[in-house]
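Below you will find one chain, with nothing else, as structure tokens; this is the form predicted alone, and questions on how it binds or moves follow later.
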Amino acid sequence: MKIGIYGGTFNPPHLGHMAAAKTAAQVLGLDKLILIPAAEPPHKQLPEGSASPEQRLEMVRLMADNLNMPGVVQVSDVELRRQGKSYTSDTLTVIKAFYPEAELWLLMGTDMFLTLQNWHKPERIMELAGICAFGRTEQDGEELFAPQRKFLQEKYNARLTTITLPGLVDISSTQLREVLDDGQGEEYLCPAVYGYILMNGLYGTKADLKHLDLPELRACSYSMVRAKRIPHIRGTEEEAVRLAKRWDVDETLVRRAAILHDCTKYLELDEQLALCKKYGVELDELEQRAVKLLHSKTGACIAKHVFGEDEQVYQAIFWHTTGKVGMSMAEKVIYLADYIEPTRDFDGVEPLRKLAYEDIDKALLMGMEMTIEEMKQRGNPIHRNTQAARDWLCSHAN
């Protein structure tokens, strides 16, 4: 097994870190890549206003998820759990003990590579792991790497490989913190990480969560879900806008509802129930035990109470799972957009997509009947609101 170890303060993790991690994993043919945020970096002191260790760990987890390398990338809190300075030699010793047969590779940027001999126990580091250094710019090439590579090979018998990443966004975390404090820097960050920064007010950001522009609202939404859900959320937004244009519905309203409609999708049952209790949402017996029915209700509450969305957005999100009798046009649009957005692929989706632009009520009826049939086949109970909505649409369509 070949394992890469990529450590750092990640304060914050940015697109440069992501590109370096992905490229190194591909070039080295890594079976596993472990991202490790440092608790107390030996070579520098964390500046005032830094994110907490727990916040940096969460941002690294978001970055790892958005690398879209399942089964390869994982995040470790080994340095956060250890007292004292986060010496790389200690971390590599722990990892080698856990994976004694693995071939370890330590990933680092140019500055770290050029000063590696000054680290704590450099001989131990290069005994335990090969070194993979990557340059952030095309200037970080052979002219810079070659003398240091020769020195480390001769003095420590080091295993070395160097990579230049041409075209990589050239920004340090220090520079990024400065521009974030000035209300800029979104383009250097994975949207989910940027959303986390906004929601937690990190690095001097002062976002008014109740009055976010669309890009910031998207980022916050994406920070609350797993990366694999983001294409569906984007697809639902795109589909909602197309349906809104067809049926003369407020595009901004349905866009904001679509962005937030799944924001609590990954909360566990106890977390969903706690939010319902907090915001006074009454639940029937089925809803109290069926977690899949709750994210529409809790998502609506977060949209309203955290992000300041109006009642129409709240209602559109609230009913997008079960439907209800007497749905508004915005509620119909979000229900159908969630059902037929471009990433959906199931038997009958194409006729349903076509019908959604010809007769929205007939499309809703068709969708609900498909849902009811699927629930019956799986032996799952059908929520009373879905059954009532289906019956209402039957009488309405006729």
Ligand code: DGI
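Note that residue numbering follows the sequence shown and begins at 1. All values derive from a computational prediction rather than experimental measurement.
There is also a form predicted together with the ligand; it is not shown, and the following applies to it.
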In the predicted complex, does residue 55 have a heavy atom within 4.5 Å of the ligand?
-> no
4.5 angstroms heavy atom contact with the ligand in the predicted complex for residue 295 | yes
May I ask you to check whether residue 50 falls inside a 4.5 Å heavy atom distance of the ligand in the predicted complex?
-> no
State yes or no: in the predicted complex, is some non-hydrogen atom of residue 43 no more than 4.5 angstroms from a non-hydrogen atom of the ligand?
-> no
Pick from 232, 121, 177, 324: which has a non-hydrogen atom within 4.5 Å of the ligand in the predicted complex?
-> 232
Using heavy atoms only and a 4.5 Å cut-off, determine which of 82, 255, 265, 304 is in contact with the ligand in the predicted complex.
-> 265
The stretch from 58-66, 368-376, 325-333, 355-363 that lies within 4.5 Å of the ligand in the predicted complex, judged by heavy atoms, is 368-376
May I ask whether 223, 226 and 274 each come within 4.5 Å of the ligand in the predicted complex, counting any non-hydrogen atom?
-> no
Which residues from 375-391 come close to the ligand in the predicted complex, meaning a heavy atom within 4.5 Å?
-> 375, 378, 380, 381, 382, 383, 386
